[in-house]
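Have a look below at one chain only, the form predicted alone, in structure tokens format.
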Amino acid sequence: MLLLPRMASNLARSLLLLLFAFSICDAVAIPGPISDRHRSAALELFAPHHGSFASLEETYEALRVFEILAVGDKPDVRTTTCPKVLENLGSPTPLKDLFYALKVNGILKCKVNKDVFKDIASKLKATVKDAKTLVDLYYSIGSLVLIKDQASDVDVLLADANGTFQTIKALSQSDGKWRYTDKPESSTYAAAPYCQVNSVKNDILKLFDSIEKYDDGTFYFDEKLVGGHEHQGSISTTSSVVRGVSAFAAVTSGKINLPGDKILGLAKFFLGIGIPGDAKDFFNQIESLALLESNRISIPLVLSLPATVYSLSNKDQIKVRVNTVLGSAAPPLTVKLVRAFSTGAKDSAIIDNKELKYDQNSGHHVLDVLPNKVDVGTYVFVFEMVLHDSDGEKVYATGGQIHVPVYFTGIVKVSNAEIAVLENDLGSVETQKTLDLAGNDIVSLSANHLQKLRLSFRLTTPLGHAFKPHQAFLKLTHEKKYEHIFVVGNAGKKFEIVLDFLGLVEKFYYLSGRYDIELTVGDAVMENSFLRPLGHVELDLPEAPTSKAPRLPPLAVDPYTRYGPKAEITHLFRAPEKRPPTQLSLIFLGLTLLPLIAFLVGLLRLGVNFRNFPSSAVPATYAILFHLGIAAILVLYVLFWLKLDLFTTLKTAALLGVFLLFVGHRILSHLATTSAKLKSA
């Protein structure tokens, strides 16, 4: 028995019941072929900016992905891309940019002059002759191959093929790996370019000796450093190897003896990563799958289930689909269910050697009827693909026996549910009531600290076997919202819990009163999982001793209360100050204007005199500016009265004051000088 006070809110606990169902889907996610989700992701990851991509490499990757996935509403970048292609082909360009310009041109078919191809071919031949690194050889020879495909009459043959071969061989390593640059470190990633320009099968086989493997038969390549400085992940490394091996297999006359399970394992790796969020990884995934689908070594076939959770109550049929990695139809074949067994009884098979029926309309292989031995729980179904044409085994990789986890859900029977109040010492029943957990029965009980509360019920599967759910909790909630959770134990089919209130008084904080009773029973394969109120019990507990009175813990905060919408706040503003009557304000305004009126009247009475106004140009300018500054000060006073705030007015007045100080000093100096000259005369 386990007591967990102050658990999370009711909503959080009820949602916990659903996590097991979701975990089923995650745990048995079987990678299927490429779907429309990949096409939608391609349009999102390869979205051009202002009608074009950042580089020709990105342009090629986008166009290649659209081509492989047959995306219908792909963006049109021909108008903006072809000028870039022609520019890179017609001017000195780094080998990598030239390589991708030719790749883009192979898809867009831009109008390139034949003489341009001839000029590029001659330069590339010279580069191959002087190349010192594998990357230069890769881009140079790869570009010559692309020119041959786009302009067949251009001479791309190497004059010294044997010398080129020896240069490549000098970069080899004994483990099948290669040096990517002039540094001595070997690289799995660099082996792919070698495979595309060399013809040594043994090195390819050595390379596959370093392949990594998961327990489910997934194969991949991985390395941490390339050339001692560049990091390559498992996706790019595995893609590089697939690209190189496929290119070599396409041009060699013989067959590469690679096991079909490794080819199928590589396909599982690329399908198992789902939809990468990075455009480069997405391109590597799609192109690798396209190469695996069309390679000459072994074409992988993918067995997938539309669903791995089936309902016994709905009598769901088990359906299996077989496709190539890109979703194309598989050759004629038969899918057999070799055996099926429960994970709890691996030695006891419920199905043996059952052939699934092929539905031509849906393209599924269907197991229409399940045997009566199938009960709720987890099973492992072992499938096997058998090709109708025996020669097809040389072309396709089926992977042998394929183990698939399958979940069966159903209605679990809940019976013999009882709740009772027992006497503590004798264990005799004082009150006992029968519960219908499938209905809405509510009970009302009462007990004291010397009594016990017992709850019991039975759970059986559709076949009558004992069933143990993932969750079986009994919760008591006090009227003050304090919660107590107990785990309901079981012995076989019977689940029972007995709460001894005498030993729980401290856990209950000596709180008497009403406790609501709630039962939670849930499991991922139990279709009728429930969280059900059973009623309440009036509990009479003793008063807490003064010396050891427990402190009540803080109540758990409902997440909806903490993070949900808050109550609307109504702002209360201060009441405006009482203002004087309008007439009094107007009278005060008139009084403030009296000094200005008196000044104007004084000017009229005294008369305006311009005799001392300077006649020279420079002093006259200072005099005019001085009077304009005075006028600006007066205008500023008016604006302050009407609209300006105090700080704006003070800053403006400070600037005008500096201006007036300067021009006023100048004009007053002129007047003083003139006056001194008149007196001396």
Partner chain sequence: MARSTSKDAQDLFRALWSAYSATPTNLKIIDLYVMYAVFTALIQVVYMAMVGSFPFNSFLSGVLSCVGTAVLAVCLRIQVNKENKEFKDLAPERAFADFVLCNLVLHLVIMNFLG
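This structure is a prediction, so every number in the text was calculated from the model and none was measured. Numbering follows the first chain given and starts at 1. Think of the rigid core as the biggest set of C-alphas that the two forms share within 1.5 Å after superposition.
The same protein has a further form, the form predicted in complex with its partner chain, not shown here; the description that follows concerns it.
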property: L625: touches its partner chain in the model of the complex, heavy atom cutoff 4.5 angstroms; result: no
property: Touches its partner chain in the model of the complex: I633 (any heavy atom, 4.5 Å); result: yes
property: In the model of the complex, T79 touching its partner chain (heavy atom, 4.5 Å); result: no
property: Contact label in the model of the complex: K480 to its partner chain, heavy atom within 4.5 Å; result: no
property: All of R454, Y510 and L555 within 4.5 Å of its partner chain in the model of the complex, heavy atom check; result: no
property: Listed residue that, although its partner chain is not shown, lies within 4.5 Å of it in the model of the complex (heavy atoms), from V386, A329, L596, A491; result: L596
property: Proximity to its partner chain in the model of the complex, single hit among P542, P83, G602, P559 (heavy atom within 4.5 Å); result: G602
property: Segment that reaches its partner chain in the model of the complex - one of 91 to 99, 397 to 405, 579 to 587, 459 to 467, heavy atoms within 4.5 Å; result: 579 to 587
property: Exceeds or equals 2 Å, Cα of D645 between the shown form and the other one, core fit; result: yes
property: Rigid core fit then H627 CA moved by 2 Å or more between the shown form and the other one; result: yes
property: Did G274 shift 2 Å or more between the shown form and the other one, C-alpha, core superposed; result: no
